[in-house]
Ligand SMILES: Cc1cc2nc3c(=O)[nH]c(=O)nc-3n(C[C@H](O)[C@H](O)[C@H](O)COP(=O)(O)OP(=O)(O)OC[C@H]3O[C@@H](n4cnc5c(N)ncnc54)[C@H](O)[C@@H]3O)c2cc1C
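Only one chain comes next, encoded as structure tokens, the form predicted on its own.
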């Protein structure tokens, strides 16, 4: 089937996002093969349409008026176990990878248990992490699509240029994760189960139940706080987490913003770095509340928060 015959029009994106907000994609295509991915980019170039990549929708905000371009939903979700390695398509769910690893007594992904609808590709792109661990610790190699040449190339871990909540795939729009080889290690089943239960328990205790996307803002480097507000850093010196960062949620909470509401979106009472959809939130309201939080933290502490989420299709 020709690629133009596979592309759908005016497909609602709200069901594909954990925030449950946003409009429709003008053009939409589900990607399962390399050929379709390459053909989609040639089609978009010919039609002069911008491309947007959709994974699990767990870290994005879609505008209320939708996305005027071609949205590619990555559904290359195959996972294979090869010794102590997992070979995963970018569209594979992180939860599916955890199940596959656990079933083969492989450890390394337990920290990600309970993260809703995250995909391997999105988690690598944003170098997702928790409890002092991160995707960068597991990635051995990446097969990526080089958009400029429409060819696939292999990246080593070093090539990925992982930093806190980012990678070369996030910093440069030229590369798209297609698949990954993750290096895990053998562990006793009871040890793996205990770590998974600990991760799940932590998320149940601390994170909200209403629709959201997890952390809105990046946590802060103590050195950056020291430069901007030495007195604040002195106050927070015993609040440095296991990753060496200061929680953005802590600063938001210190501004008294838990429970702050604009329309249908609210700063979570459980975790101040989470914004939740109370039922009928609009993307516009989320943008307004994010802006308000940044302004309040800036005015009180002279600290500029940086978003961790992706503004998907905003122009």
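All of these numbers come straight from a predicted model, not from anything done at the bench. Positions refer to the first chain, counted from 1.
A second form of this protein, the form predicted in complex with the named molecule, is not displayed here; the remarks below concern that form.
K.L.:
Going by a heavy atom distance of 4.5 Å, is residue 129 a contact of the named molecule in the model of the complex?
P.N.:
Residue 129: yes, in contact with the named molecule in the model of the complex.
K.L.:
Against the named molecule in the model of the complex, would residue 118 count as a contact residue? Criterion: heavy atoms within 4.5 Å.
P.N.:
Yes - in the model of the complex, heavy atoms of residue 118 and the named molecule come within 4.5 Å of each other.
K.L.:
Under a 4.5 Å heavy atom criterion, is residue 296 part of the interface with the named molecule in the model of the complex?
P.N.:
Residue 296: no, not in contact with the named molecule in the model of the complex.
K.L.:
Spell out, yes or no, whether the shortest heavy atom distance between residue 176 and the named molecule in the model of the complex is within 4.5 Å.
P.N.:
Residue 176: contacts the named molecule in the model of the complex.
K.L.:
Could you check which residue among 39, 60, 290, 248 gets a heavy atom within 4.5 Å of the named molecule in the model of the complex?
P.N.:
Exactly one residue meets the criterion: 60.
K.L.:
When the named molecule is placed as it is in the model of the complex, which of 78 to 86, 217 to 225, 151 to 159, 121 to 129 ends up with heavy atoms within 4.5 Å of it?
P.N.:
In short, 121 to 129.
K.L.:
Can you confirm whether 26, 28 and 64, the three residues that make up this candidate site, all sit within 4.5 Å of the named molecule in the model of the complex, judged by heavy atoms?
P.N.:
Checked in the model of the complex: no contact with the named molecule for any of the three.
K.L.:
Could you run down 178 to 199 and flag each residue that has a heavy atom within 4.5 Å of the named molecule in the model of the complex?
P.N.:
If the 4.5 Å heavy-atom criterion is applied to the named molecule in the model of the complex, 178 to 199 yields nothing.
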